[in-house]
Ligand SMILES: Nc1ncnc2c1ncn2[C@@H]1O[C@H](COP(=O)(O)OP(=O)(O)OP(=O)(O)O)[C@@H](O)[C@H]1O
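Next up: just one chain, as structure tokens, the form predicted alone.
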């Protein structure tokens, strides 16, 4: 019977395990010195070698002729464990044997000495699936097992294990395997199978696998079923991926704000039976690559792609501001989540494409699409040590902007009392840093500002109005209040420390009302003062 590649090429000794030296070297040292623990916990993402290392360890502790900490693979114990004739190594799937009775039966077996080897080894896979009662039944045996029993627990979700279990095991963390290591292993497998594979194809397989060797070998198996010459195009067809040129073309349409071209390309890919959710996920990865190119000094070291694809991605990244790239990732991820919840995938993809092609696609606020550009101009001015230019209100004839929400100005007596009792807020820089964790661009809008505490108010003062424009947006105002609460531990209302001259403010408001009325939006100045 044909054996799939991930079983056929499963490592038989620690030396063959790829990308986990922090695990294999430690286990080999323990085996060489005879310091064998009674319980091990292997944790990490799927396909990284947890079950493989469990089986190797089960052989190693029973091997009659260890070779530098590795099982020899030739003695009676090693051969018996490999072919399944030795029954003292028991592998249990906790997903289907997760009840109290299953663990009690296991516990009752531990009192019996092994029949053919030195240690009876229990490998419990997906141990996080055990019920609370099952964990409690296992607890005492795990703490003080008979001297001839070893437990090896494996899980992908460490946080679901009780602390009482964690404290009784020797823990080993399995990392995602690097794309280069996976690609090298795939080329070695293809060489043994007399199959040709392109370097770009091996890198693409490694990228799709996302650190899981088993996933990479499974997809390679599918590709080998179609051809003995594995190319990048074959991998894309097998995995249902869009051609890289399509991703480049789609991103070009977003950059050029050409919605017609983007929607047309989506229709073309849809007619070729490309999955829209997968397309959306690929675009997220492409935008992530542009983000890393914009923010890292040496992005080439971690981006898995051909040199030609990297050059094209680098050119596209140079055409987009970082804020628009981040907004693109957020929009695409939101669309992907909606697709997973059952939304019409093609329609959702088309809506997102049109949104990314709109002139306001880089805006982070719903009420003022030009605000981010003003903040970016402020950042540039701060770096250059110059004074930012005052923004000019432009009349919108096709799609006029709604009147902004005004921050209500307290009475003169109230302002006098607030200022009189105000003291400088020394924690204001910490508040700005808290905002910066979620949005560097928004935090830049508050550069140069100061704040004062007066009773239940935090009064913000700034030489520019950008931060006040931000506070007019309800979501940003709530974010600021949340940041203040996280830093100070108290709830405060927000206000301005100083307001513009009333006459000038009235003139500006009149000018705004005049512009809006001329654009066809009836606004009553008296009713919009607050």
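It should be emphasised that the depicted structure is a prediction, and the values quoted were computed from it without experimental measurement. Numbering follows the first chain given and starts at 1.
Unshown form predicted together with this ligand; subsequent notes refer to it.
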Quiz item: Would residue 126 show up as a contact with this ligand in the model of the complex if we use heavy atoms at 4.5 Å?
Solution: yes
Quiz item: Taking heavy atoms and a 4.5 Å cut-off, does residue 462 contact this ligand in the model of the complex?
Solution: no
Quiz item: Do residue 156 and this ligand share at least one heavy atom pair within 4.5 Å in the model of the complex?
Solution: yes
Quiz item: Should residue 217 be counted as a contact of this ligand in the model of the complex, where contact means heavy atoms within 4.5 Å?
Solution: yes
Self-check item: Partner-contacting position among 51, 479, 488, 26 - heavy atom within 4.5 Å of this ligand in the model of the complex
Solution: 51
Quiz prompt | Partner-proximal stretch of 207-215, 274-282, 431-439, 305-313 relative to this ligand in the model of the complex, 4.5 angstroms, heavy atom | solution = 207-215
Practice problem: Could you run down 54-70 and flag each residue that has a heavy atom within 4.5 Å of this ligand in the model of the complex? | Solution: none
